[in-house]
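Two forms, one protein chain; structure tokens for each follow separately as structure 1 and structure 2.
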Structure 1
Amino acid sequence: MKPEIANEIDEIIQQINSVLQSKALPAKLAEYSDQYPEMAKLVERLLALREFTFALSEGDLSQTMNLRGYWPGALKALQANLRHLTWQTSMVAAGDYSQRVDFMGDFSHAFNTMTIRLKAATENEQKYIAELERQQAATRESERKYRLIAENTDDVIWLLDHEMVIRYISPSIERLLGFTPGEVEGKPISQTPLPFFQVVFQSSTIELLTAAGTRRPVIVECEQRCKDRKMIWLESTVNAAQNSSGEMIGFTGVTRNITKRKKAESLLYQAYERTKKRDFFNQLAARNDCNDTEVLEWGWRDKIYVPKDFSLFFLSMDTLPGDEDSMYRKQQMMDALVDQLNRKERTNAWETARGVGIITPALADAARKQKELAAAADYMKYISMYLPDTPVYIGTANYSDGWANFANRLKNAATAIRIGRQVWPHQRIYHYEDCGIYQVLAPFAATDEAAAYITQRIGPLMAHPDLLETLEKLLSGLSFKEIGAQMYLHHKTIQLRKQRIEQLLNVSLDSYEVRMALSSALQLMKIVKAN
């Protein structure tokens, strides 16, 4: 080969090499291309391959290359794969995680792992979102339920934070106390118009609630004034409130109106006290040999505190006999009366079969009887304020030290009324010690002999009330004239009546013995009538 030709071949090879190696094209390339058409074709193809490869390296998959053959074919296969991957990736981006790459070696594995992971992650995320939504729905539902309860119950539900600021109070507070939630929410308990909160949160309550390990509610009862000035009883159940990690965050509570319950409790307590006293005194009234020490001891045992020496009264009322309903009302009235009397200082009162017994401490001093009558008048006044339309009578018992004669004294107090109403019909208060001879006659009046005696002595006069009245006046030692003046009759009439009485009874009124016998019969008759 000629050296010039060898040189030229070398040069051409270098020129072609530079197409592969440097970006800029050598100046002489055009010259050779013009000279050798086949070389021009080669260069053109190389440049086309360069351009296509450069576009691929830049990520430009849109180029087309018209060259055919092995090398261009391999590049086009690469372009086809990359285009397919682009399409697959856009499918993945649109949420189609079923895309898989096959026949691309390690890349297939990496891509497929990615889509599997993405699918799993998306599914997890969807599960998480679904769970979150479920929980939110559950929370909303439970919130709605709690709100429904809080807003529709009569109980007041409230929540305090650890600084004792009211964070929530249910609208029922307005029904309960008249204050609206707006008047109290956001305020510390000491600055609200609800002092019961301060009673509820005494230091002892807080100690109980915050003591380690205790989760028991504390119940506090107290009275509170409503906005309309009415006082009502409240019961509050308080719990320490904890967050999910067990920290104390404040207090929750429920407050309700227990006024009715309190009233019922009080009525029950009064009824219990009343029954206890009634049984105690009525048992004593059934005995004749009460021993002071015994009585005081029994009293202590039942928490009935009685004095050793006392004045004893008996109280009776004119009440209408009636049906069951009025019986019930009568009992109610009686219970109220007994409770009222027991509320009075130094007084024990109880219901007996025919009235009310009352004892009050007393001493056997000179003014004792006067004091007793004054006390009776005082009771009378006290009761008349309570029962203004019911006629009431008080009998005062005779006095004796201690409890030995309790049963008798109680009977005597009742007797004083019975006799007193006959003998002194215009009075309401009677003292047994004023009853004189009646004290002796009274026990006898209850016997059959008394009735027989009355019939025997004055029986024939029973059909003539005017003669009975005249007899009583004749026995009192008045003159005919005086009697006539009192009865608006002529004194001769009185004289005639005297003769008529003597005739009917077949006696002489001038005899002292006869006069005493008739007088006794008349007094007995009064007591028997009173019985």
Structure 2
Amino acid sequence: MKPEIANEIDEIIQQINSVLQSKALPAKLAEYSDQYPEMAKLVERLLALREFTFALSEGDLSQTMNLRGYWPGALKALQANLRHLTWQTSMVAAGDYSQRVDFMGDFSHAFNTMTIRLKAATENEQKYIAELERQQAATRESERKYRLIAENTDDVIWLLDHEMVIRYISPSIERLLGFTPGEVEGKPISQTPLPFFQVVFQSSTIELLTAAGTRRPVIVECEQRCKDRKMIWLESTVNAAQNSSGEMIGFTGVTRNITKRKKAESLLYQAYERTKKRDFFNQLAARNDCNDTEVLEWGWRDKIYVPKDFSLFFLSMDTLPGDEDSMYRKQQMMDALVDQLNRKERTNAWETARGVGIITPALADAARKQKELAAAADYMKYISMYLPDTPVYIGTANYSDGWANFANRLKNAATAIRIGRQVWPHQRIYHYEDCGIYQVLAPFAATDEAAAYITQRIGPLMAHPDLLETLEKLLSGLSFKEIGAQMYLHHKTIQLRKQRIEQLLNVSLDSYEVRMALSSALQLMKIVKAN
């Protein structure tokens, strides 16, 4: 080979090698390409391969190449695999972790491991999110239920921190006491219009709640004034509030209105005390042989104060109509009256079959009777405040030392009312010791002989009330003129009536024995009517 040809071949090889090694094209490449057409085709293919390869290296998978053969085929296969890998990656990014690569050696293993772990991580994340959403939903539902309960229950739910500041109080506080949550929340309990908190959180309460190992609630009852000045009874159940670590963070509690329950308890207690006193004194009233020592011991046993010396009163009321409803109302009124009397200082009152018995300590001094009448007047005034429209009468028993004559004294007090209402109808307070001859006549008036005696002595006058009235005036010792003036009649009319009475009774009113017998019959008639 000629040296010139060899040199030219080397030159052409260098030109082609420059195409593969340098970005810039050699200066003589165009000259040789024009000179050798086959070389021009080779250069063209090399440039196409170089451009296609450069695009692949830059990540541009959109290029196309029209060359065929082993090398272009390999590059096209690489481009296709990269395009498929790109699509698989986008699918993984979209959450499809089933994609696998099996044509890139270690990269395939790393890719496949990545998708497997991503799938596991995503599944764990989904499980965590699902559990978190479930817990959040449960929390929201729980909060909704608690809020629903707190906003609709009549009980007041509250939360205090460890510095005794009200952090939460349910809206029901406005229905219970008239104050809104905004008026008390965020304030220490000592600066709120709710003093029941200070009663609830006495030192003893806090000691019980904070004692080690104590988880039992503390229940406190107290009265609270409402915003409208009304007083009600409250019951508060208090617990120590703890966080998840068991540390005490304050106090929780529920407060409710127990006014009705307290009233029911009070009524029950009053009914018990009322029944106890009624049974105690009515048992004593059934006998006249009571021993002072026994009575005092029985009173101590039943927790009833019984003085050794006492004044005894009997209280009677005009009855209501006897229908069932009025009997119930009467019993209610009687119970209220007995309870009210027992609230009075130094007073024991109880219901009897026909009225109310009352005893109060007394001293047998010279002014004893005046004191008893003054006490009766005081009881009358006291009772009239509660029963202003009900006529009430009070009879005072005779005095007797001790309890030996208790039953008779109670009967005498009742008798004083029966006699007094007939003899002194303008009064309402009577003392047995003022009844005079009526004290003797009263026991006899309860017998059948009394009615026979009255009929025998003044029976013919029963049909003539004007003659009975005239007879009573004549027996009082008044003159005809005085009687006529009192009855607005002429004195001769009174004289004629006297003659008519003597004619009907076939007696002479000038006889002392006749006058005494007729007077006794008239007094007996009054007592019998009173019975």
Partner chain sequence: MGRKYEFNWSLLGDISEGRPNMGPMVRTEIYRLMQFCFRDVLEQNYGTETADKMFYEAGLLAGKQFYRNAMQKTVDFNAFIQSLQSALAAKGIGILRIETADYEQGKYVMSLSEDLDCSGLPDLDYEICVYDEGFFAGILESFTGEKFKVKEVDCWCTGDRTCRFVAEVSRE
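All values derive from a computational prediction rather than experimental measurement. Rigid core here is just the name for the largest C-alpha set that superposes within 1.5 Å across the two forms. Start at 1 and count along the sequence of structure 1; that gives the residue numbers used here.
The form predicted in complex with its partner chain corresponds to structure 1, not structure 2. Once you line up the core between structure 1 and structure 2, the Cα of N152 stays within less than 2 Å of where it was. Superposition of the core reveals a Cα shift of less than 2 Å for E141 between structure 1 and structure 2. Taking 2 Å as the criterion, Y97 counts as shifted between structure 1 and structure 2: its C-alpha moves by at least this amount when the rigid core is aligned. Per-residue C-alpha deviation between structure 1 and structure 2, core superposed: Q499, 5.3 Å. Shown is the Cα shift of S22 between structure 1 and structure 2 after rigid core superposition, which amounts to 13.7 Å. Its Cα shifted by 3.0 Å, A450 is compared between structure 1 and structure 2 on a rigid core fit.
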